[in-house]
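Below you'll find only one chain, the form predicted alone, shown as structure tokens.
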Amino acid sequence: MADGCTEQEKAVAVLVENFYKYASKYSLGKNKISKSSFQKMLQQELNHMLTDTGNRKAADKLIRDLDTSHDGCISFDKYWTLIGGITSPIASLIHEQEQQSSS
């Protein structure tokens, strides 16, 4: 990535790079990651965000739901959907905390 990237561009690049870092360990084909590799990635890369039992349960359910073909793999597109599903409740929590701080 170019040095002049914004913080958001860097964040997107990290998300993409992490997917392929974990997917390449168990190459299952282009743009796919095994569910077990995906869970390892979540544990290692999002551990602090998933320490809340509710967040972890939501992530586990999303993983199960994303494997619609029941082949034990998650495509990059579905990974991106999962990232949105994980971050949405976190964004709400951050927003609530900010509102409480400003009150």
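Position 1 is the first residue in the sequence shown; the rest follow in order. Not measured: the values here are computed from a predicted model. Heads up, when I say rigid core I mean the largest set of C-alphas that superpose within 1.5 Å between the two forms.
In what follows, reference is made to the form predicted together with another copy of the chain, a form of this protein that is not presented.
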Query raised in the report: Just to confirm, Gln44 within 4.5 Å of another copy of the chain in the predicted bound form by heavy atoms?
Result: yes
Query raised in the report: Even though another copy of the chain is not shown here, does His48 get within 4.5 Å of it in the predicted bound form, heavy atoms only?
Result: yes
Requested in this report: For the stretch 79-99, return the residues whose heavy atoms include at least one within 4.5 Å of another copy of the chain in the predicted bound form, in the order they occur.
Outcome: Tyr79, Trp80, Ile83, Gly84, Thr87, Ser88, Ala91, Ser92, Ile94, His95, Gln97, Glu98, Gln99
Requested in this report: Would you say whether Ala11 is displaced between this form and the one not shown, judging by a C-alpha shift of 2 Å or more on the superposed rigid core?
Outcome: no
